[in-house]
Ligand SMILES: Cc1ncc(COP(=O)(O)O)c(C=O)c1O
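Next comes just one chain, in structure tokens: the form predicted on its own.
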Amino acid sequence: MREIRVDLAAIVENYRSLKALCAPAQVMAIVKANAYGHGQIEVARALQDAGVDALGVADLAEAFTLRLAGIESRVMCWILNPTDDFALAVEQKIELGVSSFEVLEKALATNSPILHIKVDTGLGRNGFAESEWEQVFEALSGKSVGIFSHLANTSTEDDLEQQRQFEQAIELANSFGVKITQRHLSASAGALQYPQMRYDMVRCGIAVYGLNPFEDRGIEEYSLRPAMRVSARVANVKRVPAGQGVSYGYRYVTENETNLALVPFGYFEGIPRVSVGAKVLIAGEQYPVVGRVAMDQFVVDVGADQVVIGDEVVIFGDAAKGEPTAEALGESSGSINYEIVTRIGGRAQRVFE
């Protein structure tokens, strides 16, 4: 009735395309947030089999999950708390992204083998502030660490300024005798857009899954294809007269006599309740989702067409196949494809191929 089909081969192909594009830089594949909704363990195994350079997750819980599943590839995480189990992180060979003195003290006390120091170059989130750089690099004098930051993707001018600050941080670290083992600044958008910002490694998340990291340009020039296809089956069809209100609040009222198809996929499964103007694919035609999305279902106006119970409804997939996209569904709700794919699930069955 509800299916999320994940093409692991597409993910591997996307990763290899990114590797070829970014060479000689390494590519860390980000599998945080259940691999952006695609299935963390299954995706990590496929990428490990493909020889992934490294895997990235947000926190230690996600990192330990990978190790418990038998993933032996490099794993890095970067949202840490001083109360985290650093001894277990050392035992499990987890690489740590450090952004505070409290975490740095604990990590050094447990002899964490590989640390990556995050410097805030302008995003204003995690990372050591510029005023703290001298103190942190002085504490690390003579030690070997990685150094990284994250672009805000606000404008080319802002991104270039962040790169300038990143270079400044590297120069300062060198002046204190810190041995930098790996430099990484760019995530998916930066890796695609700025060859000069690839350094020793890039961290690619959304692009690994074949989705667009940009809001103002396409990615047709890159060899990437969406790995997730979400579908359901029509559960009911009814003929209604003109003037029929549809779903809660009658946000949509039919202008003419028409056929309405009911699709058992609601906001519990991750379809945004506030979505307006989304379309789905049924029997080769795209039709509008009408009325308010409910917890378990939404309604499609198929006009005079003869849709029947059991017909497949493609909610999003690959534009190259004429299917609606995660980007379009995100736009219909004032959101982005990242949020769509990471929230998708509920009662839908995941199928890996």
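We number the residues from 1 along the sequence you see. This one's a predicted model, so the numbers in the text were calculated from it and none came from an experiment.
The next section is about a form of this same protein that is not shown, the form predicted in complex with the ligand.
By the criterion of a heavy atom within 4.5 Å, R125 is counted among the residues contacting the ligand in the predicted complex. The closest heavy atom approach of W78 to the ligand in the predicted complex falls within 4.5 Å. When the ligand is considered in the predicted complex, K32 lines it closely, a heavy atom lying within 4.5 Å. In the predicted complex, the ligand lies within 4.5 Å of some heavy atom of K118. Only one of the listed residues (A169, A107, A187, V263) places a non-hydrogen atom within 4.5 angstroms of the ligand in the predicted complex, and that residue is A187. A heavy atom within 4.5 Å of the ligand in the predicted complex is found for exactly one of G146, G205, G270, G210: G205. Figure note: of the listed segments 37-45, 66-74, 310-318, 24-32, the one touching the ligand in the predicted complex, with heavy atoms no more than 4.5 Å away, is 24-32.
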